[in-house]
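Next up is one chain by itself, shown in structure tokens, the form predicted on its own.
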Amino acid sequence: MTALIALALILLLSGGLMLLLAQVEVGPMPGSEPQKVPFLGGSEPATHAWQRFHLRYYPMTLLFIAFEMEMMFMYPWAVVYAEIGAKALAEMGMFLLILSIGIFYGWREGIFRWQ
């Protein structure tokens, strides 16, 4: 019980210290002009931060997200498969079928051809 009280006291003190430090002004001196461009390894940036990307990158990004979602669902499924069995196998088969339809559609549209 004393360890819990000590932990709560440490948390309260560190939180109060952070609030006090947040009040201290650490910015540039009042007479100096702050830097207007972002810091990029000491050199000037070559392009603007809001530069538009070419459209050809978006289909590959969507394909990458589809594969990431597949892996995100397959890891927990492997744990559940041991408990449920054939029903979990059928559900994963349907999930992979839907993803495969999307991939074959993209293939037909030519998103795998890099220009």
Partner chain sequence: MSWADGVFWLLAAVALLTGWRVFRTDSMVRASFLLLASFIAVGAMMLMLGAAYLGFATIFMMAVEMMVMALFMVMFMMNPAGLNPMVMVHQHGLAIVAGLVTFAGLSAFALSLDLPDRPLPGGAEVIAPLGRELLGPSMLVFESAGVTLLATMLCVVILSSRSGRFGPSDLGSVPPAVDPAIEEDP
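Note that the coordinates shown come from a computational prediction; the quantities given were computed from them, not determined experimentally. Positions refer to the first chain, counted from 1. Take the two forms, find the largest set of C-alpha atoms that superpose within 1.5 Å, and that set is the rigid core.
The same protein has a further form, the form predicted in complex with its partner chain, not shown here; the description that follows concerns it.
Can you name the residues of 74 to 103 that have a non-hydrogen atom within 4.5 angstroms of its partner chain in the model of the complex?
Sequence-ordered list: 75, 76, 77, 79, 80, 83, 84, 87, 88, 91, 92, 94, 95, 98, 99, 101, 102, 103.
Once everything's superposed on the core, is residue 87 shifted 2 Å or more at the Cα between this form and the one not shown?
Residue 87 C-alpha, core-superposed: shift of less than 2 Å.
Take the rigid core as the frame of reference and indicate whether the C-alpha of residue 75 shifts by 2 Å or more between this form and the one not shown.
The answer is no, as the C-alpha of residue 75 shifts between this form and the one not shown by less than 2 Å after core alignment.
Tell me, please, whether between this form and the one not shown the C-alpha of residue 97 is shifted by 2 Å or more, with the rigid core used for superposition.
No; residue 97 is a residue whose C-alpha shifts by less than 2 Å between this form and the one not shown when the cores are overlaid.
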